[in-house]
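Shown next are two forms of a single protein chain, provided one at a time as structure tokens under the names structure 1 and structure 2.
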Structure 1
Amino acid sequence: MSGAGAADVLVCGVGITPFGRSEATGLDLAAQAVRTALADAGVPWPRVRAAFGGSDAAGNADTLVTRLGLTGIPFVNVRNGCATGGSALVSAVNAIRSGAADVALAVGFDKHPRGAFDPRPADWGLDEAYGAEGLMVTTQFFAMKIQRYMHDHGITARTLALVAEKAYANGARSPHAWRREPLDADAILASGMVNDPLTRYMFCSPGQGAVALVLCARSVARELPAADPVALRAAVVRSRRFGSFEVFSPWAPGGIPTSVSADAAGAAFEEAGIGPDDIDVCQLQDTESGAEVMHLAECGFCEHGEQERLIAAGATAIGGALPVNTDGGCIANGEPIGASGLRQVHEIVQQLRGRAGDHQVPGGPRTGFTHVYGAPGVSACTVLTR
């Protein structure tokens, strides 16, 4: 690593919009989130030296300069599936580490129509026949993966329902969440099967939202009296290795499959110099309930199969030993693809600041972790400390 160390990159400002649906465009939401983040950091737009941002379906992030100010800033568009926000963040971090900028912006946003995502096989390097066989339907992939996992590790459908129950309970306490009505596990199990074993209310929904982060070198942060900085100790992105079972590539070559989430989490912890046991609060990708279950183990927070006991005991609740998805995660917030990874970081920053309001983890958490996973096998992880 050249330039500043990982701990010398600080998150000085954060901004978020409500998630869900509205008449605003994706770029409207992005501009709102950026202005909120700048105000939170106490940084004027002309002071930002580099910006990175993107969305999957709501426009080009670099066009935000027409709304924020034509300062000549290098503004790079990022598009990397569900890891779009995480990839924008890694780019901003590296700009500071390299000395190319001392204040950098990362922004992610999206606005999706109602219904399921409708990816085209050709965009993912696949033959059209792949789509004709129904393998572009992400709900089917998630179901296949969790079915195998449940068989191998003794996970029950009720555990999947308890994950969603927690998400809706946390979302009811989070002002930017979309789904803010609590649902109990029995109602979730009875909500109608989508792809066995996943029912309707175990899934997130495509939606809209935007998040922005202002990152600063430590030397700049000292000059910002209004800022309440959190150290970004690690930010990494990884792609899949041979032998993985992924969205749009569901195959089982035999043996234990590789995991891009495990690779990204391991790299993040190594970079940060701490391990899963040191984390006080975390955000794990929960496109559906099974994802959170699997990612608990893949990211190193428990052994495979331990989730059944931990979740039943409330270990992942806000008051538990390892609070997970304290703002309701994707299940309660929905999935605007470009914004989700940065929403996770926003939540951890606010938790470590003690500013999470009704969903604040008690006891003053000092360390946090975020993880996002997306097609066709990409993961982004961060480690943050107070």
Structure 2
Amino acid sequence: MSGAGAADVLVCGVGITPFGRSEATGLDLAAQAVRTALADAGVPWPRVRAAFGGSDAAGNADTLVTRLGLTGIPFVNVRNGCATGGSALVSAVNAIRSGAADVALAVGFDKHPRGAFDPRPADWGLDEAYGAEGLMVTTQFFAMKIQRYMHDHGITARTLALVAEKAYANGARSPHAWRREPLDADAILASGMVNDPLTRYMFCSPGQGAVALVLCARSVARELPAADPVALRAAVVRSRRFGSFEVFSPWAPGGIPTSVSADAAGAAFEEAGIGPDDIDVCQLQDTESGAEVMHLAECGFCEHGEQERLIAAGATAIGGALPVNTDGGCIANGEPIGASGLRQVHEIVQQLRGRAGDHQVPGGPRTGFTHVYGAPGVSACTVLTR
């Protein structure tokens, strides 16, 4: 809640799998990511005192104990859609700060079939007609949200294309990315309208992947000679307040919509004791191009409407003033729901360590921020510092 003790949790090890498609199961990927993270931290599995993890559609994380070793560890499965990774991370942080564990694991993974995410009206409390008449389409919601935002704040379609262009450019430089071919803004604009104003190549796709983080109390981190730790200064999850605009809503309240992303980001900055102006590199939920544009302002990195100028000027590129989604984000990596939020943390850790390779932000970034947003109005944010 307060900043007290906030610097006491360190990310000592990170592990990620390739996010492109393969024959591996989600649990195979998860085990691989955990082993990589343990090796990165120099921590053997039996030293881990608590584990938290989950997937949306690829099985229960706690079954990993049969692969990692039956050490008796408490392993809590979490399942919060896009905030699954964030929930695992917050739970792991709480376990360390409470004294319940001095070494904790957070793992997120998923593997979705092509064109996944079949919503059923009843699961959302909706009349069957919403499905039958074609209104249960997530891409429609994203399109309608950015459509209004463009109208209110003077954002153009070219800016949306530039966001995707940057994503593919960064993906081409990231070994774990799924989409590794650069694509220019004109090709993105010409890729076929899906839901106006969003075209095909402005969207991410359901995918696969796994990410694991080994978190330690500072006292333990000191004793790990091989570790290259980064401080996790804040990890926050929030759910929507009344007045937000969400997917699959037959109605929405009037006025300016509330933003769970703004709430979560604000809480994370308060916990960390620093603000958006202090951040050197960030990862923002980019389910599609419009989301990245809106989340830049919702998370406090610019005023509404400023994105039009900032993005055109390259401010969000790897060499810019505020590099965003430096590993290509969801657009280039796909979105395995359970893994996506921890992929962002992985990327920030590697950036702050100076180990991001071809997509390293120059100048030695020392602070980073991550943000996920998902249905039905959940957001998870972190602040990390070197």
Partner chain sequence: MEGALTAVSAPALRGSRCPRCEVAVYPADPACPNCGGPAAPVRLSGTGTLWTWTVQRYAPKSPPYETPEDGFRPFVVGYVELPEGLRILAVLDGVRPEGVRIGMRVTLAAGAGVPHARPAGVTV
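Small disclaimer: the values here were computed from a predicted structure and weren't measured. Between two forms, the rigid core is defined as the largest C-alpha subset superposing within 1.5 Å. Residues are numbered by position in structure 1's sequence, first residue being 1.
- Only structure 1 matches the form predicted on its own.
- Once both forms are fitted on their core, the CA shift for Thr258 between the two structures remains under 2 Å.
- When the rigid core is held fixed, the Cα atom of Phe248 travels 2 angstroms or more between the two structures.
- Asp186: CA moves less than 2 Å between the two structures after rigid-core fitting.
- On a core-based overlay, Gly125 has a Cα shift of 4.2 Å between the two structures.
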